[in-house]
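Only one chain is included here, represented as structure tokens and corresponding to the form predicted alone.
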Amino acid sequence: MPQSPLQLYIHVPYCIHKCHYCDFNSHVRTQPDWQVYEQALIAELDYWANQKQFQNRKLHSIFFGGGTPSLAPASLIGRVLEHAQNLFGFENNLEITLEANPGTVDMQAFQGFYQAGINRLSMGVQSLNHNELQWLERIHNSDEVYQAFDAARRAGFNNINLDFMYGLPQQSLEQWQQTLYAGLQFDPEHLSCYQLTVEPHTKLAARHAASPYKLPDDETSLNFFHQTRNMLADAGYSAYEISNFAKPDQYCRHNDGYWLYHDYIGIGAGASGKWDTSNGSTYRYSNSRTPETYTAQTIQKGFAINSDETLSIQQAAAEAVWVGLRRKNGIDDVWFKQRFGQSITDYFKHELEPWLNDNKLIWNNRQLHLTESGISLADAIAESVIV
């Protein structure tokens, strides 16, 4: 079985304010203990570097997510990266991404992150409309987005993603088009555009249950989706994944690695990791979510695993199809056979046949991918193979 590239995800859980729609592991702390959190990250890196499945494997990509990683001191980012390089080594032209909130950074902060080794930014803009930003409970305004983007460029960043959200309550297609057009004026290398989802156990879910918001119906959602793809294609951005669009050769290597079923180490509060075992199964784990619990456990014993599971080879194959179908190029069957021992169609012929017959999937004996009409049904198609 071929060994996949190895990725590193680093979770920074702290936020100034938790937005009501957010279901990520984020915690409001007025004064995070950055020294202790850095100590825990370093300890966890040491632990994973000593595990045999990661011996002699250089890192393929690194991603600081959150929470709000741009709240962290640049010195913490730099020391964690230096330690990771000493322990694992870096592949050539390593992609190192940091998520940034436009309301938490200035020119000095961007310069610090750039000097620390960050070479790609992902900025959580979500909207450039004042009322929409207020409803989303974002801490920034549209002016701060322009200021932050300009500061990032002047600091040296030439690989920037902007996140935008559509399908907000009572948002018209015209309003979304205006936001998207304004976003294109930044000329970013990458755009992530996704629909608002009312996630369980969020403040938004509770509010929506008590007094439902006027959210778009299925037909309107499809209009938003297709208009987004058309506008960005016309502007030169390829939809290399369902919600992600990039200029040529500017796709996010780290996120693409998840969809390609690469191995990854996750460190930090609530972070998850995954690797393929020698017998074909897949092991995955998740860390304790509360920062204080995570730091205490990790500093004491080197890790803070709160839950874990082992997927059978059949379950892992289904998961690889589920994530791989999100990619424009779909799933390569040569790789699939090497990883799982059989062709995709050997595993899932019965489950995939209706979608193939309905022209929602294309199979050419080497690759399986969604058709244009199948893209909007990606979740339903993926769920049909989950065991």
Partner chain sequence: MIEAKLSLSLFLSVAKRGCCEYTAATMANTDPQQKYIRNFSIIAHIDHGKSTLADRLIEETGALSEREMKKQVLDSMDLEQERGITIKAQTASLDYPAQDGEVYKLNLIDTPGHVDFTYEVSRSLQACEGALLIVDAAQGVEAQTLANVYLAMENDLEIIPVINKIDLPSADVEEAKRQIEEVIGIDASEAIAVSAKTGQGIDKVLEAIVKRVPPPQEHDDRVLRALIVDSWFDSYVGAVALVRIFDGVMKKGDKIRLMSNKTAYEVNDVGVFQPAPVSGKELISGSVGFMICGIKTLADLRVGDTVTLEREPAEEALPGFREPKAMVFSGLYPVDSADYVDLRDSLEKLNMNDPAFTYEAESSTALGLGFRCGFLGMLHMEIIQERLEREYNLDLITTAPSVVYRIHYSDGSVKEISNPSEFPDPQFISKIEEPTVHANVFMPEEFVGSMMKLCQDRRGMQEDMKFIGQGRVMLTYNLPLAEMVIDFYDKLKSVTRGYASMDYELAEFREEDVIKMDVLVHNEPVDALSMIVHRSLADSRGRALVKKLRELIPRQQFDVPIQAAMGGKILARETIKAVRKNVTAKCYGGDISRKRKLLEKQKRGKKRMKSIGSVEVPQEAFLAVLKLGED
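Because the structure is predicted, anything quoted here is derived from the model rather than measured. Positions refer to the first chain, counted from 1.
What comes next is about the form predicted together with the partner chain, which does not appear here.
Contact check at 4.5 Å (heavy atoms) against the partner chain in the predicted complex: all three of Glu219, Ile242 and Trp259 pass. Checking Gln175, Gln147, Thr197, Thr293 against the partner chain in the predicted complex, a heavy atom within 4.5 Å turns up for just one residue: Thr197. Proximity to the partner chain in the predicted complex, defined as a heavy atom within 4.5 Å, holds among His140, Arg284, Arg120, Arg253 only for Arg284. By the criterion of a heavy atom within 4.5 Å, Ile375 is counted among the residues contacting the partner chain in the predicted complex. Residue contact with the partner chain in the predicted complex: Tyr264 places a heavy atom within 4.5 Å of it. Remark: Arg57 does not count among the residues lining the partner chain in the predicted complex, judged by a heavy atom distance of 4.5 Å or less. Taking the partner from the other structure, the partner chain in the predicted complex has no heavy atom within 4.5 Å of any heavy atom of Met231. You can rule out all but one of 187 to 195, 231 to 239, 83 to 91, 147 to 155: in the predicted complex, only 187 to 195 has residues with a heavy atom within 4.5 Å of the partner chain.
Shown here without the partner chain, the chain has no residue in 124 to 153 lying with a heavy atom within 4.5 Å of that partner in the predicted complex.
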